[in-house]
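What follows is one chain in structure tokens, specifically the form predicted on its own.
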């Protein structure tokens, strides 16, 4: 039974991840005094895209077509490394957190080269911004996870987050708070949310992630949206693993608590996007460097 449950995280990600986007959009609609989209609208959008055909420019190669598929495959592979709600990861070994981070880097690589393959100056601009900001957010993510590993004494994701219990908060509370704030900033940056990027903008000169997918359509664009939702699901699990230290040993209690924490995180993202504006591009590096500084302080304090 436990062997089957180890694959629950990829399955739950495929099922629930788009719902987080619906919760974020509905939260923003409430703040704006609107009814907003249905909570299941992201599912409708992805299903509609998967049923459409795709148009490819004659200037693109197989790289452009393979990028979205490989990006989704890499994200699903990363889901096999992440535990969730008391369920251990399907693949767990010492130092798997390094592979987890580099899989996201590989996903970004496929997205960037597929954007560059179009030869579009706009997509090249978005790819340049994506790579620049990721070079600043990845150290914050790596050092933040290292701080948690130092607090728990484990360097495997499954053992790390199973060791985050209330007693650990009593011993290493300040370090966990600093690491949590840093990882929240990374979460917003990696998922292209305000204050780093506005996912609802349609002005190409200000977009970062969305501009790289301008030439993608149909199933390819659906794969990109699904990969982005799964990435949000996985990075959110890191925050929930810290903020919701519930490990009763009963999977049927821990998993619903973790899912509730993910929905609460989606509400928090909606509140953040409704209460502040996007930063100027020149100020984004300062925010990401600040996140790295918080991660370093968390590592030092522990």
Partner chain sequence: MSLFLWGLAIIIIGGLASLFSGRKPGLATFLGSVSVVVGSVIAVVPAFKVLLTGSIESLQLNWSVPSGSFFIQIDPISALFLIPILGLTAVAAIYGAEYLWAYREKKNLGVPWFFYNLLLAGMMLVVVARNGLLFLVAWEIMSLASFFLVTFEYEKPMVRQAGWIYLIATHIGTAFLIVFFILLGRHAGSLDFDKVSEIPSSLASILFVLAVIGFGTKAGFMPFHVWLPYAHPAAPSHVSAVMSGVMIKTGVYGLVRALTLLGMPPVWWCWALIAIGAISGVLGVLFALAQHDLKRLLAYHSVENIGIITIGLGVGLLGINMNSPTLAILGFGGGLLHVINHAVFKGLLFLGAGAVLHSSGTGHIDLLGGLIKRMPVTAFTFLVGSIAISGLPPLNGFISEFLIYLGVFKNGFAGGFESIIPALVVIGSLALIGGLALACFTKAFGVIFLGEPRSNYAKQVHEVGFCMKSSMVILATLCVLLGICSPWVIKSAENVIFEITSIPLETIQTELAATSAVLMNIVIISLVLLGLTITFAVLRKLMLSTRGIRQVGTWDCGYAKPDARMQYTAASFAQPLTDLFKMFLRSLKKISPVKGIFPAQSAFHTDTSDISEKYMYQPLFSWVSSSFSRLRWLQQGRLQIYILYIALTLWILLIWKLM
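Positions refer to the first chain, counted from 1. Keep in mind it's a predicted model, so treat the numbers as computed, not measured.
Form predicted together with its partner chain: not shown, discussed below.
A heavy atom within 4.5 Å of its partner chain in the predicted bound form is found for one listed residue only; from 192, 143, 176, 225, this is 143. Proximity to its partner chain in the predicted bound form holds for all of 72, 112 and 127, with the criterion being a heavy atom within 4.5 Å.
In plain terms, the part of the chain that comes close to its partner chain in the predicted bound form, with a heavy atom within 4.5 Å, is 63-71 out of 36-44, 246-254, 63-71, 262-270. In the predicted bound form, its partner chain sits within 4.5 Å of a heavy atom of residue 54. Of the heavy atoms in residue 50, some are within 4.5 Å of its partner chain in the predicted bound form. Contact annotation: residue 102 falls within 4.5 Å of its partner chain in the predicted bound form, judged by heavy atom distances. When its partner chain is considered in the predicted bound form, residue 169 lies well away from it, no heavy atom lying within 4.5 Å. Residues are counted as partner-facing when one of their heavy atoms sits within 4.5 Å of its partner chain in the predicted bound form; in 208-222 these are 214, 215, 219, 220, in sequence order.
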